[in-house]
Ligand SMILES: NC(=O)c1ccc[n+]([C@@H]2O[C@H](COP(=O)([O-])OP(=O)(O)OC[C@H]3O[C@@H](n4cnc5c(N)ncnc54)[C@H](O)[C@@H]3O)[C@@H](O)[C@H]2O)c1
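Take a look at this single chain in structure tokens; it is the form predicted on its own.
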């Protein structure tokens, strides 16, 4: 499994490595040099063309399997660079340096890589375990939207882990909350690295969340918060959780996030979710529902019926 470290990212320590980032981050932190490659910002980095061009740069730079690639950026940079590193020469060393709150608590940990295809988020990807260096000094340059996005994933961890919820409730520092989230994910991924069981809990809120992210082009964490809102309601409708539990968390979500209405397009996109499994030839959608955090495959017609209430 990957190693997660907390400390200071010092650029000069990686002068012999290949660094991949985007121009916005490079300008903020003075990342420059012949060993630096720039991907587009955000989801535009996550496609086959960009990954192919990055691999061609690896070839020109004579990257060997014992070399090191450092991915400096948010979740999209980490996803795209991770995918490229996993397929280049069947795997080269990678260090994630997450620069966003969301990437620090979630996407830089656990070894999932992904790119998008035909409007479907993260439909192509690999498992590729890499180290992460979390430097919270990067958070000083985040705008409000990106900070809010990180809190969407933190809400998920609050629902999953009593320690994270207690820290948030007691006014702990953001650094302590990040550490608790990262340690929780690291523990879960070590127990179930390939999503065969317990790790599926980390997909809480993501079935509807990913569909809303694709349909509305909103930040990932904001979409996850909306997914948590609707999937908690779904759990109550199905009797998986009681109404008091659902009301508590939906109120927490509404304190910080705008809740967007569901649409037929979003519901249709859930049919492309990678957690879905075949069930007797009928169309089903797979959810991770609270509070048991079990995986539930629900007929699509039933999902649309419940969503309309």
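Positions refer to the first chain, counted from 1. Here the structure is a predicted model, which is why all the values come from computation and not from measurement.
The next section is about a form of this same protein that is not shown, the form predicted in complex with this ligand.
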Note: this ligand not shown here; in the model of the complex, the stretch from 227 to 235, 141 to 149, 83 to 91, 167 to 175 having heavy atoms within 4.5 Å of it is 141 to 149
Is the gap between residue 122 and this ligand in the model of the complex 4.5 Å or less for some heavy atom pair? yes
Contact of residue 205 with this ligand in the model of the complex (heavy atom, 4.5 Å): no
Check residue 25 for me: does it contact this ligand in the model of the complex (non-hydrogen atoms, 4.5 angstroms)? yes
Exercise: residue 43 in contact with this ligand in the model of the complex, heavy atom 4.5 Å: yes
Name the residue from 130, 102, 182, 155 that puts a heavy atom within 4.5 Å of this ligand in the model of the complex. 102
The single option of 57, 260, 29, 38 touching this ligand in the model of the complex, heavy atom within 4.5 Å: 29
Who in 56 to 94 is close to this ligand in the model of the complex, meaning a heavy atom within 4.5 Å? 74, 75, 76, 77, 79
